[in-house]
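Same protein, same chain, two forms; see structure 1 and structure 2 below, as structure tokens.
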Structure 1
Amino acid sequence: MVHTLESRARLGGIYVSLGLFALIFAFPFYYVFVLASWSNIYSNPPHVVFGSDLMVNIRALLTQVPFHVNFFNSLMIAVISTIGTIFFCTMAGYAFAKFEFKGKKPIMLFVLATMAIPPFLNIIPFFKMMVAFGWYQTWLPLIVPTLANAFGIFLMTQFLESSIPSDLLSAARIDGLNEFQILLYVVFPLAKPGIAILGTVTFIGSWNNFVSALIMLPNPKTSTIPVALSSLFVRSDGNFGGLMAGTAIALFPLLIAFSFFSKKIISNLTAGSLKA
């Protein structure tokens, strides 16, 4: 009886601690939505409940920047980047995890070494290359260079190496599937937890990409949400209601993406590639 009470008390303490951490981490998101509903975000005491100026702030936002264009650009770039990165990084991870070929280890070491290069060192060469390719002021510089990134390749290599048995791939080859069919019908379905993690990281990174968008799409009228909100902040006359409304709207795709992938992310901690 004593042990049961101690166990329940310990479990209750864990739940209380987790609840407090959840409130702490969720409060900034809540506060953004609260401020988006007030025209004057500065007050004493601070606003902690929702106001009635949300539509006023949205109208102010739309009159100052073409937010619908920025939202569409960010969404399409993030979606295309996520789908492309998942496909190419999974394909590369499959090759590194399940095939033996000459130069495999040096190539992987080179891929990993690129992760150690600070991104700001590549800004000038990257800009010159994109101009030479004729990609300046297009979506391509924000999509193509990230399709086979080092982090995604390493992540999928490690996941596929440990989660997909080689015997299963051999059985698929015996059944007559070629390597591309194995990739589509065997590897992708079994790699869903790893794909969920890679998809979440890629979508959030692409959606929040500010530096590349600022360099390649400098015009706020044709750029992405981070650049548009930055220009709105610079031009603001002290009334940040529209800026907070835009920030709140920009959070929705991130929350939806995380909610969509969250079950697969959690299952990655407990599930293997085969279930009894």
Structure 2
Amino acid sequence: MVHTLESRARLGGIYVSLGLFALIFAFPFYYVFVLASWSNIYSNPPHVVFGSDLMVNIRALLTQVPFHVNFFNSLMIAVISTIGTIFFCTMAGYAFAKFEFKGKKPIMLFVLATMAIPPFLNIIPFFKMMVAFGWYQTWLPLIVPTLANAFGIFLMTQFLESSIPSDLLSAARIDGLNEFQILLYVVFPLAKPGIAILGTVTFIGSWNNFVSALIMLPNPKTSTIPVALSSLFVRSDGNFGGLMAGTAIALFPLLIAFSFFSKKIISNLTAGSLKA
């Protein structure tokens, strides 16, 4: 009896501590939607319930930046990146997961090792290259370089190792399918659950990307959401209602995507740490 009382108190303590941290982590998300609904975001004590000015703020935002253009750019870049990344990473992951070939181990290790290269190391020459390619102020630098990235390849290798029966591949070969047809008609359909995770993670990464967009699409009027919002904040006139509405809109797709796939994303993003 004493024991259960003690363990109940302990469990209660655990809930209180975890709950406090959960509140700290969740509050800013709630707060941005609250601020987005007040045209005057300043109040003392600060706002904590919803106002009714969301549409006013969205209209204000559209007069400050062409937010619909920014939204379209962010969305298109993220969608194209996601589709392309799914294709190239599944293809390479399939090779590592289901083929035996000379040099496979060192090649795989090399791919993994490239993840440790700090991204800013090549940023200045990369910029000059993009200018030379004629890719400056286009979407291409934000899409092409990461199409076949090490993280995605690693993720798909892990997934395909366990989800594609080798017998099925042999049967497809006996049926006369060539290797590329097998990739298209056998591997891709079976890879769907892995593709959902890779797709969500890629979309989130592209949607959130700031530095590349800042360098390659520096004009806020033709750039992505993060560049437009940050420039709006930097040249602020103190009217932040529109800015908060834009920030809330920028968060919305993420929260939706994450609410569907959170469990799978968390386990896949942390899986690498156990293998390291």
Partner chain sequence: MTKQEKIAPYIFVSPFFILFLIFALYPILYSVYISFFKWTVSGPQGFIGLTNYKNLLTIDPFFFKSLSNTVWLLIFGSLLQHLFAIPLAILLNNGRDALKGRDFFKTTFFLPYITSTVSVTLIFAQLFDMNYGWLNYIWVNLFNQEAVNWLQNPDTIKSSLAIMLNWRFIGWNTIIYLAGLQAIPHSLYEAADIDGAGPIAKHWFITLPQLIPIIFFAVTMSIIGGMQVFDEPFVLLGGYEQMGGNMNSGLTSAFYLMFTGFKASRFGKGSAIAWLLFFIIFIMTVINRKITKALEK
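Each form is matched to the other, and the largest set of C-alpha atoms that superpose within 1.5 Å is called the rigid core. Note that this is a predicted model, so its numbers are computed, not measured. Sequence positions of structure 1, starting at 1, serve as the residue numbers.
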**Asked** For this pair of chain forms, which number matches the form predicted in complex with the partner chain?
**Response** 2
**Item:** Displaced residue check between structures 1 and 2: V32, CA, 2 Å or over, core reference
**Value:** yes
**Message:** Quick check on V211: with the core superposed, does its CA move 2 angstroms or more between structures 1 and 2?
**Reply:** no
**Prompt:** 2 Å or more on the CA of L251 between structures 1 and 2, with the rigid core superposed, yes or no?
**Reply:** yes
**Message:** Core superposed first, then measure: what is the displacement of the CA of N44 between structures 1 and 2, in Å?
**Reply:** 3.0
**Request:** May I ask for the C-alpha shift of G12 between structures 1 and 2, in Å, based on superposition of the rigid core?
**Result:** 14.0
